[in-house]
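Next up: a single chain in structure tokens, the form predicted alone.
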Amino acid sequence: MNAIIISAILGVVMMYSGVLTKNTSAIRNVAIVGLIVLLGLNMAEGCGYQLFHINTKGMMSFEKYGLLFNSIAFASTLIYFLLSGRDVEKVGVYVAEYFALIFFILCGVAIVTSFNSLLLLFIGIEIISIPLYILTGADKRNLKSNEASLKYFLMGSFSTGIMLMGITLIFGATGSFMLKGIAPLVTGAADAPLNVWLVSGLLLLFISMAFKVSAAPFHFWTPDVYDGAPSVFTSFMATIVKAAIFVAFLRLFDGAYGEMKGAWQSIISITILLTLFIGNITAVFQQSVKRMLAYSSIAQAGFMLFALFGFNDFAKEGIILYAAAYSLATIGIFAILIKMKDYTFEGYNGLGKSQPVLAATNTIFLLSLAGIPLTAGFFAKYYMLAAAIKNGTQFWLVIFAVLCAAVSVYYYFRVIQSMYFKTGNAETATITPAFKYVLIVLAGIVILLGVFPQLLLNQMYF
């Protein structure tokens, strides 16, 4: 509850800060301090210190698992502010409002990690989505940004309608919005005659959530939106937001789908197959690093879906580690991408000589996304595949995922090849020493989690 209320208050504070001062650096510093306070209070709640004691009538539950993910999301956002906060200032004139919208998104993140009611799931998803529509179109001078915002809004509204229809059908079939009220009826439906309304509602809910996480075949909006949005906001929506919705997806499966989880494995396996195949194959043919990362995010979603497929202790631990590894590495890659004058692969030619710190840290981040050992991404993928293997069915899907991971090495290494093995003069914006220091620290965290993943996972049990 600390995170929900404080993040909402900080969003309002950021809006008023834009009225009180036009100094964008001061606004950014207020946002950083506010985020540190938010992170501290969320961690305090994990230790049992609550500022607010509100009876939610069972509609929310603040467990260690959700609070740990909140801490990961807030810590990742803090690093995002430190690396890319100055770039947020350059997007447009409404700097305070941009930071305010990000805090409102974090409020939605805190809701979707703690919901026990389908109504609160819907509210949390919309609190996340609506500010993202605005941030996507923040660069009013760029027609691609305007187009991406409109496309995101229309497709997002369509998926919201599907979600509401699904929730309506589930309520009609069960008489409850609460997960604990739905689960027994879903469990009973596994042996009882088929309840068409209940199954239809669950299917529509699955489709709407698949849209939100860019799972195929509901991924078509992702490349255009990620490519058209200001890069600094693409970094945020592709990492923290996506990971949060996956945690909500997992919580939904745990609560509402009851003992029917096994019956959904065929649908999930097909979704994983399509997502991994489409994401990796299309990423291979991209000439823009930013667009390649957009398709890469679809492929990463395919691996995260293994948490739903396996749905065991490995899956729950894996999604936490994957959220941290993927978010940190992608934030670092986009922070460097934003500094580049040319977003094509050729634009990175010679970066290893002109900016050795940027090239070295970028290499670590790319290796992590590829799942190379000694990086956080390796253990993240390991836990996802181990969850599927422990499930004991459809082992072929694990083999296919490994082959797709091998394909991903190709397009990630294209960037590394450009930085170190091709001649050129990669042009970048002005790079400050502080920016390099934060990149080095971030790269160190990625390696640390790749060597000692239990440093993070043990926090689930203490």
Partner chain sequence: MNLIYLVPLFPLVGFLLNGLCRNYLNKSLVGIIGSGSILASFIVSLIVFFDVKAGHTGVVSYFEFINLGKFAIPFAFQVDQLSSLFLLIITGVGFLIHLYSTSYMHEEESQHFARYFAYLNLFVFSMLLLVLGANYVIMFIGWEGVGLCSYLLIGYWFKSIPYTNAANKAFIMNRIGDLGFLIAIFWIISKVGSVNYTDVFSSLNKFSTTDLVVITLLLFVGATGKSAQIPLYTWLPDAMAGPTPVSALIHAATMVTAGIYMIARSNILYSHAHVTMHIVAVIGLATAVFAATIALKQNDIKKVLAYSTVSQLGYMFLALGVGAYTGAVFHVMTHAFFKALLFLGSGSVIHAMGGEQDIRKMGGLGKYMPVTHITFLIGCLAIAGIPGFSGFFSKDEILAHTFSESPVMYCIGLFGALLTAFYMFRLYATTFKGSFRGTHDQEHHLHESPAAITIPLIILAVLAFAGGYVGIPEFIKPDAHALDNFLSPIFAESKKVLGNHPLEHNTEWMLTGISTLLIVIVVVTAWSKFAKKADVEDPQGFGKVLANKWYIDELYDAIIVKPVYGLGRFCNNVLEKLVDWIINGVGRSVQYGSRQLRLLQSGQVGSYVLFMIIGIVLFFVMQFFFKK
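The shown structure was predicted, so the numbers you read here are calculated from the model rather than taken from an experiment. Numbering follows the first chain given and starts at 1.
In what follows, reference is made to the form predicted together with the partner chain, a form of this protein that is not presented.
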property: Sole residue of L204, L252, L273, I331 within 4.5 Å of the partner chain in the predicted complex, by heavy atom; result: L204
property: Selected contact from L337, L82, I162, A183, since only one has a non-hydrogen atom within 4.5 angstroms of the partner chain in the predicted complex; result: I162
property: Contact of N349 with the partner chain in the predicted complex (heavy atom, 4.5 Å); result: no
property: The partner chain contact at Q286 in the predicted complex, heavy atom, 4.5 Å; result: yes
property: Distance check, S76 to the partner chain in the predicted complex, heavy atom within 4.5 Å; result: no
property: Contact of S200 with the partner chain in the predicted complex (heavy atom, 4.5 Å); result: yes
property: Segment that reaches the partner chain in the predicted complex - one of 243 to 251, 323 to 331, 275 to 283, 337 to 345, heavy atoms within 4.5 Å; result: 275 to 283
property: In the predicted complex, residues of 146 to 175 near the partner chain [heavy atom within 4.5 Å]; result: E147, K151, M155, F158, I162
